[in-house]
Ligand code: AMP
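Only one chain comes next, encoded as structure tokens, the form predicted alone.
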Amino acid sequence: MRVLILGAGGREHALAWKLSRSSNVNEVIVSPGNPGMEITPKVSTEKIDWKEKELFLKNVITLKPDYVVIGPEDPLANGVADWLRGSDIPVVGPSYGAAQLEASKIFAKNFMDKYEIPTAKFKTTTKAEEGYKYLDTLDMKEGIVVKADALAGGKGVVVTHDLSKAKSTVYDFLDNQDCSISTKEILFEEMLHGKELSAFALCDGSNYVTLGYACDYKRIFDNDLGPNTGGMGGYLPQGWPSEKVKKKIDEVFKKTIDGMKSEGTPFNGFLFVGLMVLEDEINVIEYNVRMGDPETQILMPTLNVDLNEYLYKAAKGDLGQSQDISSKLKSCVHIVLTSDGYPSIDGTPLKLNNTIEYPENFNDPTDGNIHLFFAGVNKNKNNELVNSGGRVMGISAVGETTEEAKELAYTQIKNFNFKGMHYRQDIAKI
């Protein structure tokens, strides 16, 4: 089989790597991909611009993939899955209508309210002045969460107890043209307490398979300090969540799939539910309509199934009976290496184009416990890999325990370097 993956980051590299392990897959093409991905056997890259519909479809048809996997949120939010299905090309990815679960946080909150899915209380506004007045009525000892309604690459959320910080966030999101995050509407949510968890399922419109659970770290610095990023790393928890919590998460998956079907927008693709867990109670923080990054790099190395089989069935709308295929025996820790200046929410330029040093043996990644996934990289005129984005690459390590995986991951990081390289040193510190 030949599989086409749309995307360019670590998530797509991890998916491509996992699919390359299938005996039924001869070739994985990632578009646009990045040159670092080609360290993985069977994986190649092809630059196709999804933003030009007719040319995009023509190029995809020329490649003759057996099915397409859409990695990032932007093409999903712009209806690319609909284009492919309209051309009779099987695809793993929700329609434009179903993608609104992520594309609009307010749509998602209203959906959860309608279908009795547990979530935090909320309020919305389109005007900064109205937002300021609302904030003045709150007891900031309880804290507040301010979210951009529109897609913001994982950086459109601010959690704070500081009134001035909350107000400046409202200004930035709605009125500040110099801010990298722009939205027409914002969402205020009560602050939830507990431990965050991400849960993943693969859906075919009617049924789903559970892919697993992961905990990630969003803040740029240790001890959860600094601004939010797209993700600095994470781990696969062992012995958590409890079976009682897992059943409640299954209820969320089922209510979501049934609800989207009732809305006339059946959900086909990856469903990512961000949760807050307090003892045995859960609340949904948000939906994503694709695999997470870095959670994909955490789950793929531990998934003990032929992923290709399940993706192809989902693309065809034929997963069959719902089941849990997640790994329960091992743990994985993933650590992201970023460029100096990331996440650059104030527009400060990142320090890029620095040569990346990494062990040559990673060109043939045969070790089942260590994996290197590339994201923001390119090649210079000397054909050397250089950093070209905020999140440059990440190391995944698999162990019998989380502690073992963490130790292995941090030991391996010493073998990698580029000027200005930054990473958190407290990933999986439990």
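For every residue, the number given is its place in the sequence shown, counted from 1. The term rigid core refers to the maximal set of C-alpha atoms that superpose within 1.5 Å between the two forms. Predicted model only: the values in this text are computed from it and were never measured.
From this point on, the text means the form predicted together with ligand AMP, which you will not see here.
Worksheet item: Which of these stretches, 85-93, 240-248, 284-292, 330-338, has heavy atoms within 4.5 Å of ligand AMP in the predicted bound form?
Response: Stretch with heavy atoms near the partner: 284-292.
Fill in: Answer option from 163, 325, 191, 278, heavy atom within 4.5 Å of ligand AMP in the predicted bound form
That would be 191.
Worksheet entry | Sole residue of 196, 74, 185, 306 within 4.5 Å of ligand AMP in the predicted bound form, by heavy atom | If I apply the 4.5 Å criterion carefully, the residue I get is 196.
Item to complete: Would you confirm whether the three residues 120, 145 and 157 all fall within 4.5 Å of ligand AMP in the predicted bound form, going by non-hydrogen atoms?
Response: Every listed residue reaches ligand AMP in the predicted bound form, so yes.
Discussion item. In the predicted bound form, does residue 313 come within 4.5 Å of ligand AMP, counting heavy atoms only?
Written reply: No, residue 313 sits far enough from ligand AMP in the predicted bound form that none of its heavy atoms falls within 4.5 Å.
Practice prompt. Determine whether any heavy atom of residue 218 comes within 4.5 Å of a heavy atom of ligand AMP in the predicted bound form, and answer yes or no.
Written response: Residue 218 belongs to the contact set for ligand AMP.
Item to complete: Would you say whether residue 160 is displaced between the shown form and the other one, judging by a C-alpha shift of 2 Å or more on the superposed rigid core?
Response: Result for residue 160: yes, a 2 Å-plus shift.
Worksheet entry | Rigid core superposed: residue 213 CA moves 2 Å or more between the shown form and the other one | Where the cores coincide, residue 213 shows only a C-alpha shift between the shown form and the other one that is less than 2 Å.
Practice prompt. Return yes or no for residue 187: a CA shift of at least 2 Å between the shown form and the other one, with the rigid core superposed?
Written response: Comparing the forms between the shown form and the other one, which are aligned on their rigid core, residue 187 does shift its C-alpha by 2 Å or more.
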